[in-house]
Each structure stands twice: as structure tokens, then as C-alpha cells.
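Before any questions on how it binds or moves, here is one chain, the form predicted alone, in C-alpha cells.
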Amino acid sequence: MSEAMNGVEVKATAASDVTGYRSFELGGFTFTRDEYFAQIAWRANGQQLSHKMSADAFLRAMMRDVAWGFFYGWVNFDPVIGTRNRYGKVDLYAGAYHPAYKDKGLDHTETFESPQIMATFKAILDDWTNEGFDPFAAPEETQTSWAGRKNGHNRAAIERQRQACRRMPGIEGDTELRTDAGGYAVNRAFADVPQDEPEVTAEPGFEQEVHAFNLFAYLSRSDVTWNPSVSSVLERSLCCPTTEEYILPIKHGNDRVEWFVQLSDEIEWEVEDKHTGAPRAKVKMRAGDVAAMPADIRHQGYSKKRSMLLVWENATPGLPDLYESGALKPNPVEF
């Protein structure tokens, strides 16, 4: 049967009498889940193929894909399943960047209009996320009710809006600062972070031009993990700070260089070749470290304690094409 999600048709079956979950179709892909696993199926080379993921890992990955608007480049749910943002359209692939599937012709890729795949992914999240489970939260902060039969929903969690300013939080008309008044409590891991704000005295007439805020206090009140806010915008330069705990639920494949500044604590990164997944490097970043993730890699982070990371993005239009064509080298510096 078909239904509408945000005005876009979504193909879904009736809820299973056994598990209570619905199944979904998107092009040649089908998505089903049971008490523990999400299963993605497709046909390739005359064969019916399927791939399983633990349902919680699948939901955490899909949550980021939806919240980021498919982000830039590749969002690998795991080594087999993922999406590639083509900015207006999105590739959904299975095995396309996994050598064992690719070499045997068992991979499958389809390209969808962004609203179509977004509506389907949102419908899956809505149906498969049980009451009490927050796919945006660290494991310690959410219940384990992702498992088992269908049990309610948690729309408040999956419908969070990513904070994205046009200039800087706190300037009139832009993103509000995270405060007690806004309902954002200081996270348990950042109880020692000072909450005082800088005092700014601007010349009359420049009150909306001169501004500062306490970035550490802002981040200490983040109620999500691995979800960058956009906290300052200068032409095509975006500063996107975030708090990280446990595991980045996806392996992010870059289509441009991505700069990291470790603001607190520690993150370990596993870096792989973007197309094959072959290991490239392991990077341990401590507070004060700066690293550039090249345009030809995928990466996944591990943070044993909630940490603060500043991600700098270059949002120049056409940048992915310059890297893919070889007009720009994938690494920003040669030593």
C-alpha cells in the first residue's frame, strides 16, 4: 500500500502480526525489521540478496542521514549499505563500495529525488523507533527499548531540528543560544564547564555587528551526539561544532576536505579508503589537536567520554566536482 509522508508517496506494508513493524519499499530496495535486526534486500546479477544490521545501529545511522539532509558525500551505514548525496538527488547503494560485492556484480545502486528518499527514511524512522529509544543519544542516555516488538514511538526525538544559524547564535533573529530558559540542561559530562558569557560593548549602531558567545557553554548543553550545529557562517565558511560520545554511527565518506579541531577530551578515528574501505590510518586527537580529513577517505570516530569537536566545512558550490575530476588534490597540504 502507499501513503503520504510530507506530501510524498511512500510504499509500505501493513504492520506485521508477529512483530508489529511495517516493511517499506524504495525502488528495488525493501526494508524490513524484526525484534533485533533491520534487513535490506535487493536484486543483482539475477539473485535476491539481503543484508542485516542490528536495528539500533541501523536507526542511529538513518537518524543522522535524515537529520543531516544526507550530509555531503557518502553516509555509509556500515561497509555494505549507504547513501551518496548528489545535491537534489541521492544514491542509495548496497555493496557498491564493498570489493567482495562489487567484484562479483552483486552490488546495486539507485538514484532517487531527495524528497522521495527522505520521505521513505522518515517513515521508517517513525515506525521502527520505539517509545523510550533515542537514536540521537549516547547509549547511557537512552533506554534499550529498540529491541523487541513494536512499542509506541518517539517522534519528539526523531523530529529534532538541527540548529543552523545564518551568522552566529545569539544575534537577534538568528539561532538562540542553548540555555536553561530554552530547555537545554547542561549535559552530565560537562558539569564543570563554566556557563558565563563574554561581555561585549559595541559602539552605538554596531550592536548587531559585534557579538560573542561562550562556545563551550553552548556545546555543554547539546542533547544529541554526532550531530554538528552550524554556529557561525562567513560567506562559504561554516563552523560546525558538535559533541561526541560512543561511536559515530556511520562511516562518512568525504567529497571535500574536512577540518577537525579537537576542543576537549579525546576521539580516535579510523580512516579508510573511500571506495574500497581499505585501512588508511588511525588518528588519535586530543584537546588542541587539528587534523584534515582528505576528500578521498571515509572515517568513523570513537569517543570513550563525551567530547567537543569543531568541524570546519567549505560549502563552496561545485567543490565535489573539482575533487572528483582531479582538479583539486584530495589532501590540502603536501609535506
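Numbers for residues come from their place in the sequence shown, where the first is 1. As the structure is a prediction and not an experimental result, all values here were calculated from the model.
Keep in mind that the form predicted together with ligand PHB is not shown, yet the notes after this line are about it.
The stretch in contact with ligand PHB in the predicted complex, judged by heavy atoms within 4.5 Å, is 306-314, chosen from 45-53, 306-314, 22-30, 279-287. 244 is the sole member of 244, 107, 265, 255 with a non-hydrogen atom lying within 4.5 angstroms of ligand PHB in the predicted complex. None of 101, 133, 93, 226 but one reaches within 4.5 angstroms of ligand PHB in the predicted complex through a heavy atom, and that residue is 226. Although the partner is absent here, residue 299 sits close enough that one of its heavy atoms falls within 4.5 Å of ligand PHB in the predicted complex. Residue 146 falls outside the set of residues with a heavy atom inside 4.5 Å of ligand PHB in the predicted complex. In the predicted complex, residue 97 stays away from ligand PHB, with no heavy atom inside 4.5 Å.
Remark: residue 128 does not count among the residues lining ligand PHB in the predicted complex, judged by a heavy atom distance of 4.5 Å or less. Residues of 314-335 include none with a non-hydrogen atom no more than 4.5 angstroms from ligand PHB in the predicted complex.
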